[in-house]
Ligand code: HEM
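Here we start with a single chain on its own, the form predicted on its own, put down as structure tokens.
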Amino acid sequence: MSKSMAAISPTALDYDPLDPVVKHEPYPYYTEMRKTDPVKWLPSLEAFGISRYDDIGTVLKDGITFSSQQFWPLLLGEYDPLPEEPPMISMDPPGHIHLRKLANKAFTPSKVNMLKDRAYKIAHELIDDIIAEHGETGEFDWAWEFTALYPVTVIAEVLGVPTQRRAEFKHWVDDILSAANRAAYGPEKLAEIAESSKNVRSFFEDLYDERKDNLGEDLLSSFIMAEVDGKKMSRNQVLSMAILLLIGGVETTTNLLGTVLVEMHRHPKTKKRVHANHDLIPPLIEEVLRFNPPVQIIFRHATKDVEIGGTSIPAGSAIMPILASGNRDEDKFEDPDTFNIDRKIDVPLMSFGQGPHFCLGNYLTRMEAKAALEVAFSRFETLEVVSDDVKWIDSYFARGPATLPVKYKAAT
């Protein structure tokens, strides 16, 4: 028997993704949803929230019934830098398949591994700058002075552009992603978002025109050269891939690295073990990706009337797979609300999605995070989060600390 929208009643912890209290600490609300209302109508976003692992997997793996085409337009609206060319993340099969094959050629682990030495070097350079600025001991903002700059510098390297542009990159990304909250902004903020969107497009158009006649070892050149069955990406497809890489690559790694330090602060025994044994950094990263992931939510739309978890969903409805809730599903993860870097995980995490849109950049994000943490934990004898109170970014779909003051002492 199906439930209808009208039959869904609020619970003691009524999940509203736009509620500031919920955004600050959403996990108890996810737990309540999984228990009492696993497919929940969310009036504030006019979407169905999907909270259980298996239901999320069903949605993500079926690109025909659950379309991605509205994902990017819903997220960015009129502030999409390239509205005439849907990004790969917002395409359905079969068109998506050809573009993904082309992108795969540029995103192979071997190509990403070529960036590894540079990622370590960038982390060292940023810490050199921090010590030069603040001394051998003191305080700095981990979120702004390290995690915000590190991935954007790596992405600049990946795309083959001067790292001096990294401050602009980060500003553009922050503005464009803030378009998700555009309904709450006034004319001044909206004008800033529009300007950043315009600047991103203009920058990549100029870079493409320069690179097409001067191909190199960078990822943009790889996109231009990639060929499957005699077909290459169009100019706009290359631009779209580059913009998607900038937006997705910067924000995900920034938030992941910030949250790693938050969870280590909250779990001092784990922190002590990891500092003593850097071989534990990869499982630390995996547990943070499960426990408190940088991407909480994505979007799909139903292409026909469908039933999920006993709830009838009409054709055309917006659907919100809550990846972070799936990662804490009691039916898939033992003691899911406990942070445990020793846990044995028997199912794929939802952190990078599943199915045809599984994130191509997952290997790059993991590589970047490992390099950054190895360098930071080697260069700092102590690295302590100052406060138990964390100010999270103002977002319902992404999660990471907006600011994270730390005390440090440089290693001798």
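This structure is a prediction, so every number in the text was calculated from the model and none was measured. Sequential numbering from 1, following the sequence displayed.
Another form, the form predicted in complex with the ligand, is not on view; read the next lines as being about it.
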*Hey, in the model of the complex, does residue 377 get a heavy atom within 4.5 angstroms of the ligand?*
no
*4.5 Å heavy atom contact, residue 249 to the ligand in the model of the complex*: yes
*How about residue 351: is it within 4.5 Å of the ligand in the model of the complex, going by heavy atoms?*
yes
*Would residue 365 sit within 4.5 Å of the ligand in the model of the complex, counting heavy atoms only?*
yes
*Indicate whether the candidate residues 89, 294 and 298 are all in contact with the ligand in the model of the complex, with contact defined as any heavy atom within 4.5 Å.*
yes
_Stretch in contact in the model of the complex with the ligand, which is absent here, among 380 to 388, 352 to 360, 46 to 54, 31 to 39 (heavy atoms within 4.5 Å)_ = 352 to 360
_Among the candidates 322, 155, 119, 143, the residue which, in the model of the complex, approaches the ligand to within 4.5 Å (heavy atoms)_ = 155
*Within 4.5 Å of the ligand in the model of the complex, heavy atoms considered, which of 75, 82, 262, 244?*
244
_Using a 4.5 Å heavy atom cutoff, which residues in 204 to 241 contact the ligand in the model of the complex? It's fine if the answer is none._
none
